[in-house]
Each structure stands twice: as structure tokens, then as C-alpha cells.
Ligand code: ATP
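The chain that follows stands alone, in the form predicted on its own, written as C-alpha cells.
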Amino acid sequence: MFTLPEEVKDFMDNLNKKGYQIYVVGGAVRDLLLKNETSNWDFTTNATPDEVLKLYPNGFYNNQFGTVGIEIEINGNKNIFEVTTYRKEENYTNLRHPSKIEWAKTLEEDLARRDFTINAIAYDGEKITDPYSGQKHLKDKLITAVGDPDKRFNEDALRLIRAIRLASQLGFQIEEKTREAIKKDAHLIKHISGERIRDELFKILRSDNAAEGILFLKNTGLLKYILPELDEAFLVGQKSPKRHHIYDVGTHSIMSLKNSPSKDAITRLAILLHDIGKVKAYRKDQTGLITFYNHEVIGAKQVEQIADRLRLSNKQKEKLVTLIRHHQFSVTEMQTDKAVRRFIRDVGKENVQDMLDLRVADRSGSGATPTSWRLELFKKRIEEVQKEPFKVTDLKINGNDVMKILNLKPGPKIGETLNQIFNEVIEGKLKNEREELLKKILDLRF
């Protein structure tokens, strides 16, 4: 079958010796069957949380769902073993958590409450328990709900997007009845918190099948509740005279995501949403020419709302808005160093590569080549320009040098002197070399 790490076997043996049943379950078993690495070890047992804590007093138990967390080291890395008592659940009243939890007596009762068949497989170290054909569905590459899919999604509406996340991560399809139930129950996702949706969405975006995952969201009706701004973009055509686009805005966004050079979730989200402002900016004149003037400004305002809805951190929000606000940057061989520097200041040095990745994805999503000689030249210009200071603090001198040489006390004169020298450096009149800058300060004495 497969071999468990010694630390996992020892942990299970410890409970077995005390007369308890214990099984590896969920994603860990799935990963083992798929021969994937796993670091998330989940177990189910007939031992109660108190009984588990007697064996592992350093464990932590601060939830109502019967899960004890125990820190175990495997190959020098700390892992949290999550051990949950067999349970059965009743009366899901908030479409997320059961209002009543009872300890179950058997493993089969516990597996019956799980979401998908590939997560309802248990392994005791010797044999597999698989009452819902999860192994077959792994082989067939199918995401299939346990029992009645409509019931499963009405119990916990987060499962709607989780099904698509698993399909994206594993490269699976969604079984027909399960897929139809997602379509039927898509509206239930409105009851799930923004941060829960964000976590699943980011896992989709980071997956190898991110574009297909977003299309799954679109085709099942979930997208209009999660990202309605993007869903509307599929209705906006772009084909017109003097325009290079071959797709509608939504399809272009998907194709851009499909060609993303970056794996970063925020960058990929920016790629996906970079043109949503076109829905409101759309104009078509009498000749049939379609324009989207200032769509990047409109889009930046929209993603501020999206960022808040998904509970992004301030840093994540700032990066997302910046990438979309400035994604229309110009690339010409005639740009001055000053213009290139302004681009870097607008975007932020830390976001330059992400912005370039967005441009590559945008080009590819339009059916163009990923790059051009102008873009490659622009990249070289960025490298060269970044060798020069961008702010006063990048100078090879500081205020102490100014005070010492000019015999000044702290005050506004210090900043004025540094700014004067900084301006001469960025204008190319001085090099940012310490000896040359110290000589310049000395010259200011006279």
C-alpha cells in the first residue's frame, strides 16, 4: 500500500496501545494515494479530546468540534497533528457549522459527514476504509460529494467553492450530479464570510489550473456572487477596427491568467481583474471603434472594494490596487530616464517584476507574443535606472556628514543640503559615490 512516516506510526501506535482506534483521514490519505507529499496530518479517533490530552498534555484544544492539535516533529520540521473525535453533526443552521455535534461511535458514522468521497477515506496503518468509492474517484479524477450533494452544500456552503478548489489543485473534473448541485446552490455562497472565500480563491489562483478553476466558478454560477465585476466582463466585446483584441474582456482575463509567469496570488488576482474597469468605460463610436478610456482608473477603484470584500490585508490591497491602476504603462524606445524612474516610483520597486509579469500575461491573453523588443529594452532600462538612488536616503552620505563638514546643528538646512545634492545626482551632474558627494558638501562651504 504505502508507508507512513515513523513519527505518524508511533503516534498512532501510542493511541492503539491505550485501546483507542485511530485513522489517518482526509487530505493526508488522499495525498498518500496520489503519491504526493503531505504535511497536513489529520486523524480521526474514538478517543475523546480529554482522553487525547491525557496522552499529550502539551496539545491544545480550543474549539467545539472535537479537534486536538498536537505538535510533532517530522524530519526536523514541526507539524501539527489534528486529531478529531468521531462525530456526527445535525442541524446546520448557518450554512457553515452544525448547531449540534455529537460524538459518534463508529468510523463509518464519521466518514458519512464528510464533504467529498476523496476526503472520506481512512487508513489505520494496515488497511483502508473507503465506503464511498473515494479510491475509484481518485483514479477517475472526479470530485464527488458524499451522499446527496444538495444536502452536503446546504450543510456547509463553503463546500461549493472548495469542490472547485480541489478540482483546480488536482486537475480533476467535478462529477455531474455534484456539478449540477453546485449550480443549483450557488447563491448560498453569499452566506460565507469574505475571508473564507478569499482563502479558497487564493488556493485556486495558486494552482496549476487556475484559469480552469475560474472558468469552473463562471460556469457553475459562483463567479457572479464572488467576483460579479469579472462575471459582467464576459458580456463586453473588444473586437473592433484598429484593435488587436480577439476575445471579450472576461475571456481575455482568463487567457491572461492562464499565461501568468507568476505564481503569486495577488499578482494573479491583479492579472485576472486588470481589465474589469472596461465594463464601465466601454464606448463605441459610429465607425464601430471600441474604446475603454481610463479603465485602469475605474478598475483600481473597483478592486479597492473587492479587496475589502475579501478581507485582504492593507499590504495586499495596496499591491493589488497599484498593479491595476498602473498596468497601462507606456513602453517606447524614446522614454527618458526620468520617465522610467517615474514608472518605478509609481509602481514601487518591490512591485516592478509583478507589473512586468502582468504585462506579459496581458499580451499573451490578447493572442500576442509574450514580449517584444520594446518591452525587453524597457526591462534593461529599468535595471540600469535602478542603479541610481531613488530617494535621499539612498545617497552614500547622510545628515551627519553634512553637519560635520558644514559645522551645522540639526535643522532644516541639513535636509535642504541633502535634497540639493540628491537632485544633482538624479540629473546626472554627480555620481552617487561617497568621496564625490563629500567633496560636493565641502564645496558648499564657500
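Numbering starts at 1 and follows the sequence shown. Since this is a predicted model, take the numbers as computed values, not measurements.
Note that the form predicted in complex with this ligand isn't included here; everything after this is about it.
Checking 332-340, 71-79, 160-168, 253-261 against this ligand in the model of the complex, the stretch whose residues place heavy atoms within 4.5 Å of it is 160-168.
This ligand in the model of the complex comes within 4.5 Å of a heavy atom belonging to Gly27. At the 4.5 Å threshold, heavy atoms of Lys88 stay clear of this ligand in the model of the complex, well away from it.
In the model of the complex, no heavy atom of Lys218 sits within 4.5 Å of this ligand. When contacts are judged by a 4.5 Å heavy atom cut-off, Asp42 counts as touching this ligand in the model of the complex. Only one of the listed residues (Asn119, Gln173, Ser366, Thr129) places a non-hydrogen atom within 4.5 angstroms of this ligand in the model of the complex, and that residue is Asn119. Residue Lys203 is the only one of Lys317, Arg179, Lys203, Lys280 with a heavy atom lying within 4.5 Å of this ligand in the model of the complex. If you take 103-129 and check each residue for a heavy atom within 4.5 Å of this ligand in the model of the complex, you get Arg113, Arg114, Asp115, Asn119, in sequence order.
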